[in-house]
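A lone chain, given as structure tokens: the form predicted on its own.
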Amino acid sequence: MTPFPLALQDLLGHWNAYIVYLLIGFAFGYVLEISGFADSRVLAAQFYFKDLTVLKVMFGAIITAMVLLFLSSGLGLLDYNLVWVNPTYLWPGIVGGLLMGVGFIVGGFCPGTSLVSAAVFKIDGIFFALGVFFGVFLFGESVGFFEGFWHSSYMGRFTLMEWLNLPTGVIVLLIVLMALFMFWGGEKLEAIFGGRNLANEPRWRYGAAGVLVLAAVAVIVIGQPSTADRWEMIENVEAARLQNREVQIHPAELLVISRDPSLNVIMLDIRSEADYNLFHILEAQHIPTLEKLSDMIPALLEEPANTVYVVMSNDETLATEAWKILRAESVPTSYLLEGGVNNWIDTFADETFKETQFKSISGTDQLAYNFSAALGSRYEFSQPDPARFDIVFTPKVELEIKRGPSGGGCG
């Protein structure tokens, strides 16, 4: 079973998928409108502690989505690696948040809610939305003056779990409890500053809060799938591809794609430091252990859609395990070098070197050639000229569709 999120355009076709997007957008806008988010007075009132509807609705939606997301991930229904998480640019994000907050207070809208207001033909919402478009234009024309700051303090796909080094379930429960405390405090502030009678508030909100807490506890109990768990979910399909030699690419194909300017080829060399220093293919990155490869997954998932990942070891033993990790963690367009580095040398080294430097090997994943010096990629056959070789091979590399960034937040 393919875990969610699904690629709707693959399932429904281009235009049918857009119909789904339209319906979701309409439903989201409708919920915002009936919640009062088209009224700037309701939105601005939260900053004066008179009406905290915005806080309760938006934060309630966030924690509900968070709990359902990680609960689904823990049950194997959703692949969290395929969920787009906005990369963190710490200081630009802080400054941008402050600017947006000031604009929210002054104008009474955020970009998203201004569109809701404009959609129901409210004059202030229309003018605010026009201001948003002008601001976007102005930013695009001026960003060159502060581009260094705009791209500074980049932290990638950085989450609270990584920052606090706590299990996902614990973070989920803490955020739920924090939100419920904020809701409780918000109601007290509304009673003090807005004169709200809390006796008129619906009793079912206590039950809803209890359900959220129980669901968060369930996330802790269930946990999140490990790499081994993820591989088990896809093993039937991916093991068959491995067995049928669909993912092992010939050295000549790797040479061709590595020279293709339309592709971003990332070669991951899973060998000991000693073997890597003796010889490696030009531009291959040294990954000393499978654990180190696992640590790199978030960064690999951020690579552009034209990226091809090729793992290699001396033969195919360790590279196969590395490939399984990449596939289990949803890294797209992943292949392994057929026959490993030894086969690369067999294919591109001159006959004299192969005849004089070949050595017998008694185990798996050992370098099959002697090297008198640790020259790394300075050997001629680490970067051979494709024009010198006329090798027939079956092309196997096909770019997989990669999920692009999606919108998020109030804007």
Partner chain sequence: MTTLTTSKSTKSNGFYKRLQSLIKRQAKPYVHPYLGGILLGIVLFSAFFFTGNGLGASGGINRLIVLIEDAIYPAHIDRTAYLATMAGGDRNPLDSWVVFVTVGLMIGGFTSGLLNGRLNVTTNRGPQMPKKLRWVYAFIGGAAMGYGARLARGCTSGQALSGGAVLSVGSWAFMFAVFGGAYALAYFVRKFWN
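Positions refer to the first chain, counted from 1. What you are looking at is a predicted structure, and each value in this text was computed from that prediction instead of being measured. We call the rigid core the largest set of C-alpha positions that still match within 1.5 Å between the two forms.
What comes next is about the form predicted together with the partner chain, which is not displayed.
Undergrad: Can you work out which of 106, 213, 192, 228 has a heavy atom no more than 4.5 Å from the partner chain in the predicted complex?
TA: Selected option: 106.
Undergrad: Under a 4.5 angstroms heavy atom criterion, identify the one residue in 75, 177, 130, 299 near the partner chain in the predicted complex.
TA: Going through each option in turn, the one that passes is 130.
Undergrad: When the partner chain is placed as it is in the predicted complex, which of 381 to 389, 47 to 55, 342 to 350, 366 to 374 ends up with heavy atoms within 4.5 Å of it?
TA: It is 47 to 55 that comes within 4.5 Å of the partner.
Undergrad: Is every one of 276, 326 and 361 within 4.5 Å of the partner chain in the predicted complex, counting heavy atoms?
TA: Not a single listed residue reaches the partner chain in the predicted complex, so no.
Undergrad: Since only the chain is shown here, I'm wondering whether residue 332 would be in contact with the partner chain in the predicted complex (any heavy atom pair within 4.5 Å).
TA: Answer no; every heavy atom of residue 332 is more than 4.5 Å from the partner chain in the predicted complex.
Undergrad: So in the predicted complex, does residue 86 come within 4.5 Å of the partner chain, heavy atom to heavy atom?
TA: Residue-level check for residue 86: yes, a contact with the partner chain.
Undergrad: Is residue 110 part of the interface with the partner chain in the predicted complex - any heavy atom within 4.5 Å?
TA: Residue-level check for residue 110: yes, a contact with the partner chain.
Undergrad: Should residue 141 be classed as touching the partner chain in the predicted complex when contacts are defined as heavy atoms within 4.5 Å?
TA: Within the cut-off, so yes.
Undergrad: Residue by residue through 119 to 156, tell me which have a non-hydrogen atom within 4.5 angstroms of the partner chain in the predicted complex.
TA: Residues within 4.5 Å: 119, 120, 121, 122, 123, 124, 127, 128, 130, 131, 132, 133, 134, 135, 136, 137, 138, 139, 140, 141, 142, 143, 146, 149, 150, 151.
Undergrad: Relative to the superposed rigid core, does residue 391 relocate between this form and the one not shown - that is, does its Cα move 2 Å or more?
TA: Residue 391: C-alpha displaced by less than 2 Å between this form and the one not shown.
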